[in-house]
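Given as structure tokens, the chain that follows is alone and in the form predicted alone.
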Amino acid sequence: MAMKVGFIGLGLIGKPMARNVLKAGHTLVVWNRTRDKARDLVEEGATAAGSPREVAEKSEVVLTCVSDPPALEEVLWGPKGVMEGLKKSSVLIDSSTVSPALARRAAAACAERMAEFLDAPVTGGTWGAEKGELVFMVGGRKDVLEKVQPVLAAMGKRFFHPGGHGAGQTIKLAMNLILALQVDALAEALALVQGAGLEGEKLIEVLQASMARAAVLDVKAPMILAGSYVPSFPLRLMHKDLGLALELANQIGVPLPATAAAREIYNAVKGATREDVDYAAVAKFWQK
């Protein structure tokens, strides 16, 4: 069933997500802070809106996929924001990675307007977004998830429903915590092996045949060995997500000592790197 869909945020993940919505036959209205990023989608059949409010006014389902909490707050509550144009019975789906508290705030604002909300962050990287094989972690009402399934199915292959509003964001922060620690551990282990005079590839050979193997390392190990960090998931965003995880942990009284230590390393690399790099560039901490 084709639906009227609005998409806000056409970055590394958002643009291929929006493109797959269009390919699936849905009507698509798009907005991005940098208007040029919408040009090719408009050429493919989408309509460019002049503001987030206009996107909401023209859509049954509004998707947002922006970089951080301030960006989400701006597109939702800023001048000509989504909340000014959100229609009764429409559904707002946020696929950004933000705090569970912000997701619950957005859900309450939607309820005031008799609309529905789902926090639906994703994992899978740019390759998953391009192939339409993202994994969604969805917080909110299950019947609302079922209502928008035709739209989400254009972008993803699996949809998990861990609970109410904020649950999707909680799971996503925990997931990214694991990914950040895995890549940090790989970089540290490679530094040990190479510091001892051995080739890093020797570690990877054994790693891939062991219990320590992880799918993320299939992608990140070649980056680290080559010293090439073209961003699939930027380090600046992983650094932000580790901060959000630590913020949540402080709120609920759960210590995250390994996460806190890893974030210091990500912080050091972020501060010393001017270009936009993948989070595998955490390995630069050891590559002096």
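Don't overthink the numbering: it's just position in the shown sequence, from 1. These numbers come from a predicted model, not from an experiment.
One more form of this protein, predicted together with a further copy of the same chain, exists but is not displayed; see below.
Just one of V135, L102, A109, V144 comes within 4.5 Å of a further copy of the same chain in the model of the complex, counting any heavy atom, and that one is V135. Taking a 4.5 Å heavy atom cutoff to a further copy of the same chain in the model of the complex, the contact residue among M83, A115, A154, I171 is I171.
Proximity of T126 to a further copy of the same chain in the model of the complex: non-hydrogen atoms within 4.5 Å are absent; the residue sits far from the partner. Among heavy atoms of V148, none comes within 4.5 Å of a further copy of the same chain in the model of the complex. Contact check for A226: no non-hydrogen atom falls within 4.5 Å of a further copy of the same chain in the model of the complex. Among residues of the shown chain, V230 is not one whose heavy atoms approach a further copy of the same chain to within 4.5 Å in the model of the complex. In summary, the region of this chain contacting a further copy of the same chain in the model of the complex, judged by heavy atoms within 4.5 Å and restricted to 38 to 46, 53 to 61, 24 to 32, 240 to 248, corresponds to 240 to 248. Residues of 228 to 261 that come within 4.5 Å of a further copy of the same chain in the model of the complex, judged by any heavy atom, are A245, L248, A249, I252, V254, P255, L256, P257, A258, T259, A261 in sequence order.
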